[in-house]
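Take a look at this one chain, the form predicted alone, written out in structure tokens.
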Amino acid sequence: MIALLGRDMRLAVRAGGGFGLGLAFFLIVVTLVPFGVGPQSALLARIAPGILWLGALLACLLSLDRIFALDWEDGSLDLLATSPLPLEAAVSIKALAHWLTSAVPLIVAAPLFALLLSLPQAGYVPLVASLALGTPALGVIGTFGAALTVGLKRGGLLLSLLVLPLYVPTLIFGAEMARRGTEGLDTTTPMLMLAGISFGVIAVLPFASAAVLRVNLR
């Protein structure tokens, strides 16, 4: 399992879908927002939690189609399906590799990018905490979408259409947690909802993803 995790992380970086592309996209989104809405610090501070969460969500979306694509092309996916390692475990490892290479750099960089949107200092910890709680759900849901579209030509657009509606609850509660923390309000309710979504999809979707892969490999 450790060898598979290391292999997937190396492939993610070499294939151009790792932290570099996600960070660049995140930075572009954050940089363009002030040009679109104006340089007013009060306005930017009010919309910063939602913009940062939306940018992180879209950045994670960029590399989803690569989760199984390379394994499908070189036949490694068939070997994983017939190996002693349960396919559910392999799917979980791939989701973890995607989270480590795509989401973790965004979580680390989020406070720096928040400076560009004039986010108040009180909002930094809630923002990072909400991203840390919510991005695992994005990765697992994205892995399920990648399993559904594996082997399809030009399946990236279809993958986005399938996954984006499933991302909406995570986006809502993640941005709400960051917003409440910025305003000094209680964040318990959105935090619990966000954690519940993440733990729920982590418990269920690897089995669904493995079942979908078995169907596609027949």
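Numbering starts at 1 and runs along the sequence shown. Model, not experiment: these values are computed from the prediction.
Below, we turn to the form predicted together with another copy of the chain, even though it does not appear here.
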{"property": "Any non-hydrogen atom of A24 within 4.5 angstroms of another copy of the chain in the predicted bound form", "result": "yes"}
{"property": "Partner proximity in the predicted bound form: L32 to another copy of the chain, non-hydrogen atom cutoff 4.5 Å", "result": "yes"}
{"property": "Contact flag, L192 vs another copy of the chain in the predicted bound form, heavy atom cut 4.5 Å", "result": "no"}
{"property": "Another copy of the chain contact at G184 in the predicted bound form, heavy atom, 4.5 Å", "result": "no"}
{"property": "Partner contacts for 61-81, taking another copy of the chain in the predicted bound form and a 4.5 Å heavy atom cut-off", "result": "L61, L62, S63, D65, R66, A69, L70, E73"}
